[in-house]
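Shown below, as structure tokens, is a lone chain in the form predicted on its own; questions about how it binds or moves come after it.
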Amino acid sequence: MEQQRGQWSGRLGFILAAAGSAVGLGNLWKFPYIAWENNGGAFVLVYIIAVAIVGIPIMMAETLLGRRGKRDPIGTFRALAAGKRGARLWPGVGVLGVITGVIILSYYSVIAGWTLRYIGMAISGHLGELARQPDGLSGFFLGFIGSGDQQVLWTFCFMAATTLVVVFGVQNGIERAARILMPVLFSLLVVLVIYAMTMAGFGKAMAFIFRPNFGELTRGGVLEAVGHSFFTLSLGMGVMLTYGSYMRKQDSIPRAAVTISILDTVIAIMACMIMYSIIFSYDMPVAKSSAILFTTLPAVFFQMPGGALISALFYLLVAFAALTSTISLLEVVSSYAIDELGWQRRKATLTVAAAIFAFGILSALSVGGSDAPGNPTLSHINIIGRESTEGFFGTMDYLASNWCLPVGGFLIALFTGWALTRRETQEELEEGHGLMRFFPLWRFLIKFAAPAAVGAIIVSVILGAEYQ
């Protein structure tokens, strides 16, 4: 069964693929934005602590469920819940994970498609021409997102690239892509960080990131740090569970979870170093809208020496980060078709990809704004995880980010901490790891701390509090 489903070749393959899933637009723009809004230093420190006490424990839980169940999210909960209280209800958590994967991939691929368009424009020189024209970049971008044909075309291109990887399977597709994309992505980040070090604002950027001032941190900021520590690691949507189902017994789950979380956090901080150096050096305005990635930022790039090369590298970086995330989302849904419906991988991947693309057309056509089709404004286009529910795109984004993910993560923590026995979880975590001395701490965190933290996020949504 393991050979039919596929298996990572080793610990490195799993780590690179899982880290690739975690790294995406949330690292490259959302985290720098929310850290900026919450005055840096103290927020960054609280975020790192939250990763340790919320993110890592839930990642370990989701991965151990996958490796122990050796099936898709639905099949895993069905198998592990057998004979336990609520056995008929727990597979619903897997259903929620698959549905969440469909929803997020349907609109995430729309924004991801923009990066392909901008890579071509940066290489051809067209982006530089627009940057030199008054309102050239914003005018082009608004026309671009207002064109339904263009949105559908580039969404299709990105979905096609995602499908091409997943259809080749775990080792020959996903792992092979991760072994190429992740080192290249990290190398691009290093190049851009080195470039940032030459900017006048680099010192201010470092002070802003690493000098904590707890007097500037609000309760809302703490909640936002906790929320992002959970979302950034691709938790609550069945990705780590699915990837964990391909993990070998001789590989350590705790070590892998810690390594993935460190990589994800380091990349987010490197993105801050780059963005803040630009902000302090060129007085770049900061806005929550992801449109700034495609309007304001290119204008700043072309004020720099070598702006054409820097812009091309940047959009290639964003495209690679998005691709590693969309691959994992498609695999969650494909694994369901393979395990539950008995389809061959090729049929499963092509069928679910086509269905998700068809569903995503609704987001592609609404991304320019629901109240003025064909005449959108920049305020309609926000980063993944916004509060706005403008149009179908915004509704799907809000539903996934504010409801599906936290509810899924909350239920995964409850199932692992309360439904599974101490012996079951300890046995799986120590398989391939050896004696786990901090197991009592992990068990406390997964039973009490993590559910409480994610539960607070859900309560804040119910009460209408902003945490994104």
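Just so it is clear, the model here is predicted, and its values are computed rather than measured. Note that residue numbering follows the sequence shown and begins at 1.
Missing here is the form predicted together with ligand PFF; even so, the following discussion is about that form.
Of the candidate stretches 102 to 110, 69 to 77, 157 to 165, 253 to 261, only 102 to 110 contains residues with a heavy atom within 4.5 Å of ligand PFF in the predicted bound form. In the predicted bound form, no heavy atom of N402 sits within 4.5 Å of ligand PFF. Residue contact check for A450: none of its heavy atoms lie within 4.5 Å of ligand PFF in the predicted bound form. In the predicted bound form, G417 stays away from ligand PFF, with no heavy atom inside 4.5 Å. Proximity of V239 to ligand PFF in the predicted bound form falls within the 4.5 Å heavy atom cutoff.
Interface residue among F314, F231, Y118, F301, judged by heavy atoms within 4.5 Å of ligand PFF in the predicted bound form: F231. For the candidate set S325, S363, Q151, T349, a heavy atom within 4.5 Å of ligand PFF in the predicted bound form is found for exactly one residue, namely S325.
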